[in-house]
Structure formats: C-alpha cells, structure tokens
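What follows is a single chain, given as structure tokens, in the form predicted on its own.
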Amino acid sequence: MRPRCAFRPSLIWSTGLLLTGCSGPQSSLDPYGPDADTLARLFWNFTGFLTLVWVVTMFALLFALRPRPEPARDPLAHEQNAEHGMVLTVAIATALTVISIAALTVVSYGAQRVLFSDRSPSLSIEVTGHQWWWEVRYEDPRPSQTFATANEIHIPVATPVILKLAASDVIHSFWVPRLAGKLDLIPGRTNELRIQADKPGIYRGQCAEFCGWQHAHMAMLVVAHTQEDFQAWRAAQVSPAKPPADAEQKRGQEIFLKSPCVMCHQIRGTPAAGKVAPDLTHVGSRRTIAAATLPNTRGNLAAWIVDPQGIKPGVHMPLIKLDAGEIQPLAAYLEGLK
C-alpha cells in the first residue's frame, strides 16, 4: 500500500459538509483499503496496457499509410508480395490480440483472487437499501448487543468487515469508492461485500444504481475509528435512548410519543417501536439526516419534520400535523438523542 495522506479536514462537496478525515476525492483511484487498492492497481494496469495497444495500433496505421513508389516492373510479383505481407500482418495482429486478452485475463484473475481471498471478518453488518435511505444493523451472537442505525456505517480500522447487502423494494447498489468496489442490493437476495479502511476517517458512499426519484440523494457515510473509539461508539449505540435532559426535551418526547411518528420509528427505551423508518434511538449523534442530504442540526431537523417533501420530494415520510409551538421542542428532543 502506498503512503496515505495526513489526517485533516476534507470538504465533501456533494453534501456541503465539512467532515473530518483523510482528504481526497470520492474516487476509486484514491484507495484507503486493501480491496480498493487492488481495484485501483487493476485499473491502472489495464489503462497502461491498453494505452500501449493504442500507441502500437496508431504506429501500424501510420506505417500502412506511408507513401510508397509504384513498382517499375513485374506488377504480378509486387501484388503477390503485398498479399503475403497482408496475410502476415493479420496473423501477427491476431496473435497479439490473443496474447493481450490472455494477459489481461491473468491480471484480472489475480485481482479477483485477492478480492475473494479468505480474510476472516471480525464484524458483520446487515445493510438494507430502502427508497431512499440505508438501514444498518450490527449483528452479534448476543441479542442484547445487536442494534440498528441509519445512513452511517461505523467500522474499526485495519479490520475486515462483511456487509450483508439486501434491498426491501427495488435494486440498489452499494458503493464506497475509496474502500471497495460496488455491489448490487437485490430484493429477495443477500449479497456480501468486504470492506476495510486503513486509516481513521470518513468515507462517503452512494447508491450507484438508479432506484427512483431521489436516487441522487441516497448517500451514506462510512466512519472508520481506532479500535478503542469504535468499541466506545458501539457501547453507546447499544444503550437505550437517554431520558430528556430538560423541560423542552421532555415536552418534545411527549409530542413524539403521542404523534404518528411512533408507527414508523423506533426509540429504544420508549414505547416507540416502529420498524418501517430509520431507528432514532441515537439520531442526534449522526452527522447527517435524510441519507446525507442535510447536516444534522436542530434547524434542519425541524425543517425535515415540517416538510420532508419540500426537502426530498417523493420520500415516503408523510407530513405530520403539528402546532407551531410543538416543532422546536420535538426537534430539541431528537437533537438530544445522542
């Protein structure tokens, strides 16, 4: 693996967020994991080889178009020599084509052996694509240690992680370019993708298969932690929601629990137990809302509650009728779920 960049803020332009992590574009040619590095090297190997093929082809074309004098005598012998040269040229071109295809096949096979090599994962995560958000469920043999979140995948660095990919409605495609290749999520089927991050940071991903109106606003963040920070994050996520910290948040909790929100959303530690929409137990700790469409602030939470269709037209979240005095307490309560 080549040297990595320094740990500093980078601007993720497509969401307008300033996120802390290794700087660099959302590009598969800027890898930060072993599988992504293998794919980048495969790309450059193919590009270099095919560039050589193009140069040789152009040279052969220019050579064939060179001006040649007319034969002074024996036109028949000249024609026979030209035909023999053409046959020889076609034979050489065919042989070079076969060799080129064989060489590229060998290189591709070598990359696939690396990508599908047996590296036992220490973490398994179920990722389900919905229109238009990502459900993320952390598996564990102990039921008390399983939990769900949304649109953010937290992983420890230098650790292979298996993502079990499925879709609840239409075909989606999971792609975090700097960590791994893309893989489709197909309804009724589970596909597995291995990812690994070599450095702590935030890596943006995107649904790479057109899945409907808000396909372009179906992004996710993969957050890579040190082992210690990941364990601390996981312990916090397993715990139920914290009780309201002040009177405003308590009022917000009362509003939430009496509203239709509880039919779709879950907040562990409260009567809200919906399974249709994202789990909100620790929604205040997430960096974005609406699948990386907006930064997670109280103002954006309030705007999303009041008019989700105005922010993300076609989204399945319905309009909830609230009094003007109920919006800020509800947003404060959700903001405090950390």
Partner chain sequence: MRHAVLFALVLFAGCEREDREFRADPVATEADARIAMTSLSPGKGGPERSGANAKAYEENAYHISQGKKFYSWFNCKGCHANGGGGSGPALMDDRWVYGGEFANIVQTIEEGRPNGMPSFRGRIPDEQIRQIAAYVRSMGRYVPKAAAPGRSDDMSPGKDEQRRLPGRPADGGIVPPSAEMPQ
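Numbering follows the first chain given and starts at 1. Remember, predicted model here, so these are calculated numbers, not experimental data.
In what follows, reference is made to the form predicted together with its partner chain, a form of this protein that is not presented.
The partner is absent here; in the predicted complex, the one residue of Pro260, Pro121, Pro243, Pro240 having a heavy atom within 4.5 Å of its partner chain is Pro260. Put simply, of Pro295, Gly269, Gly310, Gly299 only one has a heavy atom within 4.5 Å of its partner chain in the predicted complex, and it is Gly310. Taking the partner from elsewhere, every residue among Cys264, Val276 and Leu319 has a non-hydrogen atom within 4.5 angstroms of its partner chain in the predicted complex. Shown alone here, Gln131 lies within 4.5 Å of its partner chain in the predicted complex, counting heavy atoms only. Considering its partner chain in the predicted complex, the lone stretch of 147-155, 194-202, 225-233, 252-260 in range is 252-260 [heavy atom distance within 4.5 Å].
Scanning 207-224 for heavy atoms within 4.5 Å of its partner chain in the predicted complex gives just one residue, Trp213.
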